[in-house]
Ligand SMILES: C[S@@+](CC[C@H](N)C(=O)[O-])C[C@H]1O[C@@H](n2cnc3c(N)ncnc32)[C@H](O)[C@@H]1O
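Only one chain is included here, represented as structure tokens and corresponding to the form predicted on its own.
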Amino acid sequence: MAFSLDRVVPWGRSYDEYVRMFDLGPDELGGRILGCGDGPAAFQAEHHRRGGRGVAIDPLYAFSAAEIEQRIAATHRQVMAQVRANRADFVWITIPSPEELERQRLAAMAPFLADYETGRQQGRYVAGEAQALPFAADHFDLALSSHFLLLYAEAVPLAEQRQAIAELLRVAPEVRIFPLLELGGAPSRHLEPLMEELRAQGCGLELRRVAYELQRGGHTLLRIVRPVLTNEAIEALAADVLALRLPRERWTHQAHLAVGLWHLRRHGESQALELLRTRIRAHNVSAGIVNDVDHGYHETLTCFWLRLLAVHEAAHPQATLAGSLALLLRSPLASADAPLRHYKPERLFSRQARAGWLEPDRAPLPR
């Protein structure tokens, strides 16, 4: 069936709402963002004005600005009538009243309408559907679904939601979905089945409370991170390290983190540290890396990374090994320069730090 404008109720949210709904910080806003099902939201227009990079995709964008504006004018009063009839289903704090909500919604859609025709010509507004995205793999750094997936559980079957999420994870390594409720306010019927399937695929999953709530109970986003390695690949990597057959070029920062997580899960933090001391030294020798006062095994760095991995694991107790690694690699904790947030270089790279544990001199370790 062709997409029909007369069946759509366009309703757009502001840039600031997107920032709060999706917990967007400078790192996220600095990347290339896909908005899926954005409708007449102001986010992409304001993001572009601020120098951001992004694209919004929605079947609505097959129509002109004039047609969309006419549809907004024809439907916004019926939306507000429904809001007033169900006033108890909303939290009137940040937005204090239905009248203010109407004012803010109309104000949010105005910059979209002003930007739309130019943005469409520039490829920032693309007509299309989530289940068949017209973008290459990894074209974006982050994909957002605002008030579409999970919310319309009755209208969008589980199979279509599954397909849409797979497409979003194809074009971006991370997807955030908000809210996790259905239109009537109940938890989305698709949330648990989707999370179970995604967890089995090795995705990293996080339910994150955000600083936004208008629909009562709508204060949590679902964060999905595409797996970097499967559980089987991490097991094979650890086996190669233990068997002293991992080539030097594969002993990367990512491999260190994966092997560290594997040891932590199997043995706990204290025993993992004892094993890693022995096994990293042995692996280095097998790979032609000298362990001496200036090279090879580094006690302070090993202790530091294992502590960060333990903190990360404690925050994601339900993640699979692959899911935990996926979340970790999308986290500031995994940054190769993370130790320098806690140590001054002259202390971290000293012979004393290589030979034995030194406490941080810049910031304490997380607990």
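Note that this is a predicted model, so its numbers are computed, not measured. Residue indices: 1-based, along the sequence shown.
The next section is about a form of this same protein that is not shown, the form predicted in complex with the named molecule.
Not one of G260, L276 and W305 places a heavy atom within 4.5 Å of the named molecule in the model of the complex. Listed residues H190, R124, H147, H283 were compared with the named molecule in the model of the complex; H147 is the one with a heavy atom within 4.5 Å. The contact residue chosen from I68, L321, C36, L327 relative to the named molecule in the model of the complex is C36, the criterion being a non-hydrogen atom within 4.5 angstroms.
Within this chain, G128 lines the site of the named molecule in the model of the complex, having a heavy atom no more than 4.5 Å away. Looking at V55, you'd find every heavy atom of it more than 4.5 angstroms from the named molecule in the model of the complex.
The named molecule is not drawn, but in the model of the complex it has no heavy atom within 4.5 Å of Y15.
Using a 4.5 angstroms limit between non-hydrogen atoms, F135 is distant from the named molecule in the model of the complex. This chain is displayed without the named molecule, yet in the model of the complex the stretch 139-147 from 198-206, 224-232, 139-147, 72-80 comes within 4.5 Å of it by heavy atoms. Scanning 149-167 for heavy atoms within 4.5 Å of the named molecule in the model of the complex gives just one residue, Y152.
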